[in-house]
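Take a look at this single chain, the form predicted alone, given in structure tokens.
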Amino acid sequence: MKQDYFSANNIKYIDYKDVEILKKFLNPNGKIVSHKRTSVTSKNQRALASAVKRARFLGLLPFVVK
């Protein structure tokens, strides 16, 4: 079983300004990938989702990639 990306890299806080890390958890269309595919814990998945949504709202990430 794969380890959680954030605990493996000792990331305590998922920051919405860290766009490069957030892009790893988006599929080519810009959707958030499920925790079953990324093996991120439920707690970190919720934090990841809110960070992605906040980054989208501020224009750091696109809502849809065409």
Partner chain sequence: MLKAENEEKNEMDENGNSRIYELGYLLVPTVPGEDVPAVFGNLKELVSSLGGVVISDEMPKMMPLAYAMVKITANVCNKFKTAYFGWTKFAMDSDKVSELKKKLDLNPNFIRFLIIKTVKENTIAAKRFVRGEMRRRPRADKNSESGTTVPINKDEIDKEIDALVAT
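Note that the structure is a prediction, hence the values are computed from the model and not measured. Positions refer to the first chain, counted from 1.
The form predicted together with the partner chain exists for this protein as well; it is not shown, and the discussion that follows is about that form.
- The partner chain in the predicted bound form comes within 4.5 Å of no heavy atom belonging to R46.
- Although the partner is absent here, N9 lies within 4.5 Å of the partner chain in the predicted bound form, judged by heavy atoms.
- By the criterion of a heavy atom within 4.5 Å, V52 is excluded from the residues contacting the partner chain in the predicted bound form.
- Shown alone here, Y16 lies within 4.5 Å of the partner chain in the predicted bound form, counting heavy atoms only.
- Contacts of stretch 35-66 with the partner chain in the predicted bound form, defined by any heavy atom lying within 4.5 Å, are made by R54, R56, F57, L58, G59, L60, L61, P62, F63, listed in sequence order.
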